[in-house]
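A lone chain, given as structure tokens: the form predicted on its own.
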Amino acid sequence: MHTQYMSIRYGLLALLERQPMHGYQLRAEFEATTGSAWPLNVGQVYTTLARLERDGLVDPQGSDDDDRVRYAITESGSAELARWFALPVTAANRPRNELAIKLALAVTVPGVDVREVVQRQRSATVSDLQNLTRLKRDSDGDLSWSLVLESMRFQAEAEVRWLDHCETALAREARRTASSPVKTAAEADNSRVAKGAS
């Protein structure tokens, strides 16, 4: 199951554990709780609610004055939510790391300046980190938002450290390649012939 859907699914169940709500309330509460770190559109909310209802995890509870259906969590939904809180998030449940994949591919594609890719990413990540630090300084002490914000800051700091490591590894590889003897095409052919004869 798609990781983003899983996060929305359990996020909505957690909000409904507090009290019944309709889709627009759920969207607003989800964004307020996560500090809008993962904005939702109403379509995602209602699609997820339809799946949760299909799975017996929520029930419609009638409409409000604006004819919007309010949903309540079921006993099965509460049990599913409790299981989710009890289980750790594993690496297999996290989204793919696009940056790691991008760099792994960049080193194999001729003509890509991998060092430039790393430096450009590092500048962007440092800029994100500065913005997150500013948000932290200006936050109003809301614990749920603070936890999300700190997670994002720590991830950005770790990414900067990893990019520094990538630059060091690229420099080491460049030195190793420069110091190894370059074979001419004829030498390479002779070497292959000699290996084939042995």
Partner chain sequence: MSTVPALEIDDVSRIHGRGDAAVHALRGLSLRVAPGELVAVMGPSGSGKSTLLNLAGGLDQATAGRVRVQGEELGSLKQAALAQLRRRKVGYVFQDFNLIPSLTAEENVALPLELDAIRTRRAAAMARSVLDEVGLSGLYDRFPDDLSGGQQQRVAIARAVVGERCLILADEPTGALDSETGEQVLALLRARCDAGVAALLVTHEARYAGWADRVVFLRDGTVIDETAPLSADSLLAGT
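Fair warning: this is a prediction, and the values are worked out from it, not measured in the lab. Numbering follows the first chain given and starts at 1.
The form predicted together with its partner chain exists for this protein as well; it is not shown, and the discussion that follows is about that form.
Participant: Can you check whether W145 is within 4.5 Å of its partner chain in the predicted bound form, heavy atom basis?
Facilitator: Because a heavy atom of W145 falls inside 4.5 Å of its partner chain in the predicted bound form, the answer is yes.
Participant: Using 4.5 Å between non-hydrogen atoms, is E150 touching its partner chain in the predicted bound form?
Facilitator: Yes, E150 is a contact residue.
Participant: Is D59 close enough to its partner chain in the predicted bound form to count, meaning some heavy atom within 4.5 Å?
Facilitator: Flag for D59 set to no.
Participant: Test of understanding: in the predicted bound form, would K136 fall inside 4.5 Å of its partner chain by heavy atoms?
Facilitator: Residue-level check for K136: yes, a contact with its partner chain.
Participant: Decide if the three candidate residues E116, D128 and F154 all line its partner chain in the predicted bound form, where lining means a heavy atom within 4.5 Å.
Facilitator: So, yes: the whole triplet contacts its partner chain.
Participant: Out of 25-33, 154-162, 42-50, 61-69, where are the residues with a heavy atom within 4.5 Å of its partner chain in the predicted bound form?
Facilitator: In short, 154-162.
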